[in-house]
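Starting off, we have a lone chain in the form predicted on its own, written out as structure tokens.
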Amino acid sequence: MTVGVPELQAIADRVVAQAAPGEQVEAFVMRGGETAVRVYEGEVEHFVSAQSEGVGIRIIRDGRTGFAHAASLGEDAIAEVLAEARDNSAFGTPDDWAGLAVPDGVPQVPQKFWDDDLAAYPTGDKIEIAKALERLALAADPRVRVEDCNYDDDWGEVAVSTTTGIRESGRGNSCYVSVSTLADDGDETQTGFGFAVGDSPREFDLGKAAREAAERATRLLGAVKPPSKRTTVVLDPFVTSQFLSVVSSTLNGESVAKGRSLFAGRLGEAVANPMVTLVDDPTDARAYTATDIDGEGLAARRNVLIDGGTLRMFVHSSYSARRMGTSSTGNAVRGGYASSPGVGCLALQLVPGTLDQAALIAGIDEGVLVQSVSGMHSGVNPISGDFSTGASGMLIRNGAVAEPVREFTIASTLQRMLLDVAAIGGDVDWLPMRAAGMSLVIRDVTMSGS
């Protein structure tokens, strides 16, 4: 990684050095911390400043995997974890594809993950940022109340070492603020939200976050159920990010191997409008989840999943790649030292177009701007592709935003939605999520309301 952590690397190396003959051993060592501030009516309602550390050890022998972890980096605790992982491997179920990642020669893309300004930023100033964002949101519109206003940051240091030759360590930190709003007009209440991200709190655009939170809430006042019909939808950038996250689950190599993806067996086929190029690119420094290594210590890389509408590849960890007879794409993911690696997209994004949301709407005679959705992940079947989610937003009429609507559903299939993409916005929004957002126009979606 770009900045090493010698102390943690030494711990991981010592664990691996204790491998017995015939064993594959992986040590994943981690420590980190977070600050979470929630402000309400100018006062701190919730405050957390916490740190943690721990180690996770995997041992593979004769196709049997054992894993154990502990929330301590003490020598005695690590010795116990190693012994427990070794015992667990003896009782594991044999798996022909079990094994650790092997260095593949893909070079890392150097990036900046650690910001000294954020690391040294005073706690009191973090609290003041949350209070300032609340004040700005309240000042944006007299009908707006703030439900909560949050400042969040975290930092982490990681080292991984394996008997197969992987040896990496590094550190990073990140931060963002968010605000949730309520808008009242005497008869009803609507909700809104806004975000600001940056390498340092000094980079936050608090004014933009406040304005968006107020506008999202106030423009829904007076919303009614729309009539049911098939129509064109414009997904707001935040909704597009959620939509891409759903799509990413169908491009997961482990899901494909288990027959749980609608795209299984479709490599090389046209699965989307030719204007759609979908990329998982954790090497793009603008992505909130950018990284230079994956959860197994292999170099992160730019993977083009859908290229000009054609399905080109799935994302793989070393395990799913062995199971599918291919190579890892550097997409192992893990939740920390207490879990073994899985597989998933790291930083998903559509290659953007050039038009902003207003220009996209100007080209639509009749449709709906989907501002927020509910239950998207639970409303999608990754095997059949059936898609249905609750939504709220604004009708589009003659190229302009019209009256607000709520309590309706939008429904289609993932297959049809990708093929029916009509335009991709250039209004990229780098959200604190694993997928970037931008406005997305999709034709022929069923809107069910009154």
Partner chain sequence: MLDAGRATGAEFAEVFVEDKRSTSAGLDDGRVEQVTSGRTRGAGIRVVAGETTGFAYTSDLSERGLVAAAQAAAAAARQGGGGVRAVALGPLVQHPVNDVRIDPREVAKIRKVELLQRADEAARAVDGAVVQVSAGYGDSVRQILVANSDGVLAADRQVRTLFRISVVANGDLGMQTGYESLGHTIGFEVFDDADVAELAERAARQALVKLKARPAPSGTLPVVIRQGTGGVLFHEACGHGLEADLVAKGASVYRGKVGELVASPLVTLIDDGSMGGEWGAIGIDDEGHPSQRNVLIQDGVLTDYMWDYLRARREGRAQSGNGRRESYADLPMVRMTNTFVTNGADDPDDIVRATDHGVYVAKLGGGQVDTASGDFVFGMVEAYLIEDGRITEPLREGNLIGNGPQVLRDIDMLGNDFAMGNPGTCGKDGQGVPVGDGQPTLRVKALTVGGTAA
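Positions refer to the first chain, counted from 1. Being a predicted model, the structure only gives us computed values, none of them experimental. Here the rigid core means the biggest group of C-alpha atoms that line up within 1.5 Å when the two forms are laid on top of each other.
Not pictured, yet referred to below: the form predicted together with its partner chain.
Taking non-hydrogen atoms only, P201 never approaches its partner chain to within 4.5 angstroms in the model of the complex.
Residue contact check for I361: none of its heavy atoms lie within 4.5 Å of its partner chain in the model of the complex. Proximity of M313 to its partner chain in the model of the complex: non-hydrogen atoms within 4.5 Å are absent; the residue sits far from the partner. Looking at Q190, you'd find a heavy atom of it within 4.5 angstroms of its partner chain in the model of the complex. When you look in the model of the complex, the only residue of R323, R143, K126, R171 with a non-hydrogen atom within 4.5 Å of its partner chain is R323. Here the chain stands alone, but in the model of the complex its contact with its partner chain, taken as any heavy atom within 4.5 Å, falls in 79-87 among 160-168, 271-279, 363-371, 79-87. Residues G379, N381, I383, S384, D386, S388, T389, G390, A391 are the members of 379-395 with a non-hydrogen atom no more than 4.5 angstroms from its partner chain in the model of the complex. Annotation: Cα of A77 displaced by at least 2 Å between this form and the one not shown, core superposition.
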